[in-house]
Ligand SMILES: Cc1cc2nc3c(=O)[nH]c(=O)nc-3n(C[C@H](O)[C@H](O)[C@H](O)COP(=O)(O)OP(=O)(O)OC[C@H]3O[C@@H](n4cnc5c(N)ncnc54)[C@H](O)[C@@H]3O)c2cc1C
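First, one chain by itself: the form predicted alone, in structure tokens.
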């Protein structure tokens, strides 16, 4: 059965999902009736699929049922820009939260996750579109030059050197982009095709024996022992439940105070391999700016250029779908921003524009653990825009928690209870509008080489952690 035959077309669909669907339109049935299992996973994105895979690898006899409201990858997993970036940029924060040794372990594990994806896909004969071309974190204005120094300096005593400094001329030679003044290259970084990756993980999970139902949303979670997941046409009673909901975690009252949902805007060009080759960017590294609300550019295997701008539409409470229906930036505005970073490649027509939801935590790092109201229900969310690799670790953490394992994953500092990190609505929404406005003004003034006013400076300091950007007081 195809997704179109099953009526599972998502409310929004990225270029990635459409492209992957053209090659693989298989869809799992919807749940009809009542089921019992060892573990029920709610959510068919990266976190849910990696958790299922790690569970079946560790304990093959575990009966795992996974449900997805639409089709696997229909949320943020299929809508992101596909940057497979390790956690090294967060090392100072990880060290503060988890201690030095654990921060180093998580950094190395997130780096090794690229190998995990590649080797797993090779063993199962599936393609995630992984390209190991590196990523450049660069400055497009003088105020941003050196924003990476704190991270580089923090790693230096431990002989960890993921970054290589580049001049503006070297960046231009590698990418054809002449608007970057300086930067650092992470040569081991990769990009993926998000649609192919999520379809690959889905296929691997099925191969391992995971029982899967798409077009099956959770309507209600019964917080009892054993917990029960209620769907439109059946129930699942499980010894353990994993909530892998990303931005939709805001629908749970226990998790809502710990997450704010802000979308990112993405456009992708029509294929232009000749222009990319003429610019000297073929097989070159992806680009990520040092703005607080990051801009990013990358190429695709079929010769397109993707431009990503964070800081788009905001969700009011748990109304994530409503936020996804409105772009934060118009297509003309996105094309104009793209043209500022790479004028020669912005001339090609735009093939697609879409929004991707970001489940932002206060610290910019994900959190995992048992639900306070039911110890047999576990959550994992708050990736804050760095989920491609971090979800590999998140799946290991959740698999260990579910199995009551006493190992480095169950005991990591990322396992922590949800807190009251954001105010209730409507204060959260209107406060977020103010903070987003201050960040946009700060980024714009940096590009214009102008200072910001005292009010903007004060509001800017209210932004959640994990966002890059310069200190306006320095």
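Just so you know, these numbers come straight off a predicted model, no measurement behind them. Numbering follows the first chain given and starts at 1.
Another form, the form predicted in complex with this ligand, is not on view; read the next lines as being about it.
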item	value
Heavy atom within 4.5 Å of this ligand in the predicted bound form - the one residue of 285, 138, 195, 82 that qualifies	82
Residue (of 292, 264, 110, 269) lying close to this ligand in the predicted bound form, criterion heavy atoms within 4.5 Å	264
Exercise: residue 391 in contact with this ligand in the predicted bound form, heavy atom 4.5 Å	yes
Distance check, residue 443 to this ligand in the predicted bound form, heavy atom within 4.5 Å	no
Residue contact check: residue 308 to this ligand in the predicted bound form, 4.5 Å heavy atom	yes
Contact test in the predicted bound form: residue 129 vs this ligand, heavy atoms, 4.5 Å	no
Heavy atom contact within 4.5 Å of this ligand in the predicted bound form, the stretch among 102-110, 67-75, 343-351, 130-138	67-75
Non-hydrogen atom within 4.5 Å of this ligand in the predicted bound form for each of 245, 248 and 356	yes
Neighbours of this ligand in the predicted bound form among 325-344 [non-hydrogen atom within 4.5 angstroms]	none
